[in-house]
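First come two forms of one protein chain, each written alone as structure tokens, so that there is a structure 1 and a structure 2.
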Structure 1
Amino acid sequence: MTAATSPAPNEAALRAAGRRESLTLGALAAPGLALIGIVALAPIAWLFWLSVRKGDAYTLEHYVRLLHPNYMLSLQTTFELSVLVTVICVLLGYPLAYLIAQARERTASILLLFVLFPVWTSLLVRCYAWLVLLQRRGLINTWLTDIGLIDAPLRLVHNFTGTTIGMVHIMLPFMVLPLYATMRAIPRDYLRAAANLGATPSQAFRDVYVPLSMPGLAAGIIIVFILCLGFYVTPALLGGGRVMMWSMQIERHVTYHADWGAASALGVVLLAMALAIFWAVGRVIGFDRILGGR
């Protein structure tokens, strides 16, 4: 259209048709956008506003209060747990994704079912399963006592350990799936070529395979880490009140104190952390890869 040197007789009509087309398409996306905008995003914008208000005046008081050691401890717990869970997910997820990616088509689809099964199983069912396994008189303690390995039951749940185990179980598929998708697309000829050129198997793996799998790894890390940062359900159930995550501070301020100023400020900080990490990694590896969309 733009290549024409002199205006074609139907140019105006074409442009009008183009405009109508974009309007129609926009109208198709509008109901979904309106739903998300009104029900989710507008209330969050309102929380932003509440976080800087006290009475009729603007204030940063709610944010200043977050510097209190209690909140700092909570922030530290949140980061420690998120980093630990992400690291364990990488250590477990990478070999598993590698194995599935190397398997034959049929085997791979069966192995993938094992990864998908937890995703489709209710989150609460999985938390319940871990409570059953890990509690004081739970299955693991009973078994370990029965075979004489321990005398007194181990403290496995309602603490940091139990929360970590439960979170890894929940997050692992989110690490494996993007890794698998990336690894599956790595041409095997590259490794053969590396071997031909004299690379040892470990050199070929380290210098060819790992760098090519990086985008999937980064996507997995970012998804797991961001989900962990804001996670509420599993720490609340498996932490037994001893693991005070940032998200639990938010819940506490709303349910017990109805303190919307503090809850909003906590929420804004959480959102800012999540978006900052998302944006930083997205800049490096591309946003499309993280969300797997367009």
Structure 2
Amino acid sequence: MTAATSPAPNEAALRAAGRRESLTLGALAAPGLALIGIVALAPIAWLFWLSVRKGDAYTLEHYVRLLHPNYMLSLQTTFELSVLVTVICVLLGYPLAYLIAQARERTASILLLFVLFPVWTSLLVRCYAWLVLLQRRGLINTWLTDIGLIDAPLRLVHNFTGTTIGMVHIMLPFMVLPLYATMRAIPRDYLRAAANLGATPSQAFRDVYVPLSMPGLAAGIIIVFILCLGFYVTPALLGGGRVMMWSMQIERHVTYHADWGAASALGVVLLAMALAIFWAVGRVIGFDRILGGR
């Protein structure tokens, strides 16, 4: 090997130092990776194993049972409710996040405090508060009756409507926060540059601001939709047993029937659907933009 093609001593030393640094970082990350494997991956593997076992034999019976109309109806309800809540959160969260992002720093901090305040309140407390507001003799029906807008109480709870209202209230901060983080990072000079090039405010917003905010919107949609797929407490309380989601099917199989195989199959399919949704949105928007906000 000639001197022209042999690596320089400094280059070899830098490569060795890089390998040592990689090994050091890997050793430091090993406990965390092991913890993730034990806490997250091991239970998922255990659920998958239970879903293909019946007694001492391997079987796909638990997955075949999911084709029953009752499971398909609850799956349809789960997706309809998740899509509706996600759409409402987008319609409410995008203007709210834009307002906070455009406000002064002190005002934005106060507005974010109001957005985060429900997150700091117990989930059960929020659900029971909505029961007090929405029930037949609740505050909303009482006020509407007193001012003469309705003659009979509206059915606002123990149905699809009440469940949607409660889930939107709980999920809205998860839409606003990633949107706000992305919008806050958008330089205002871009909009000024679009205006200097002849764009109207609406055109600058549509053609410049909205595309730049897409990573935050995609992240919010993924978070809200996937969390909605596995919601249990709010549909159970505000749905009154009339809104059956797959998470409630899982609970019934475990609690009432002690059928861990069927419950595991439901959980595995729900996880697969969540991963498929994340992959699909990532393919459209780009994983690096969603995770890095670029």
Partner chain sequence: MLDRAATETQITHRQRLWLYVLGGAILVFLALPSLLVIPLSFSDTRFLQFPPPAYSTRWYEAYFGSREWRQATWVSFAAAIVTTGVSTILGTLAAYALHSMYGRAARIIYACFMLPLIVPAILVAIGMFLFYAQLGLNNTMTGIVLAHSVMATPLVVITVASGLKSYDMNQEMVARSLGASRPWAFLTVTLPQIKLPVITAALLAFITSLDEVTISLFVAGGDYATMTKRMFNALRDEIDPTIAAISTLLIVFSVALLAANQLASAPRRR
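Computed from a prediction, not measured in an experiment: that's the story for all the values here. In this text, the rigid core denotes the largest set of C-alpha atoms whose superposition between the two forms falls within 1.5 Å. Residue 1 is the first residue of structure 1, and the numbers go on in sequence order from there.
Note that the form predicted in complex with its partner chain is the one shown as structure 1, not structure 2. Taking 2 Å as the criterion, Gly241 does not count as shifted between the two structures: its C-alpha moves by less than this amount when the rigid core is aligned.
Aligning the rigid core between the two structures leaves the CA of Arg19 offset by 8.3 Å.
Structural comparison between the two structures after rigid-core fitting shows the C-alpha of Ala280 displaced 3.5 Å.
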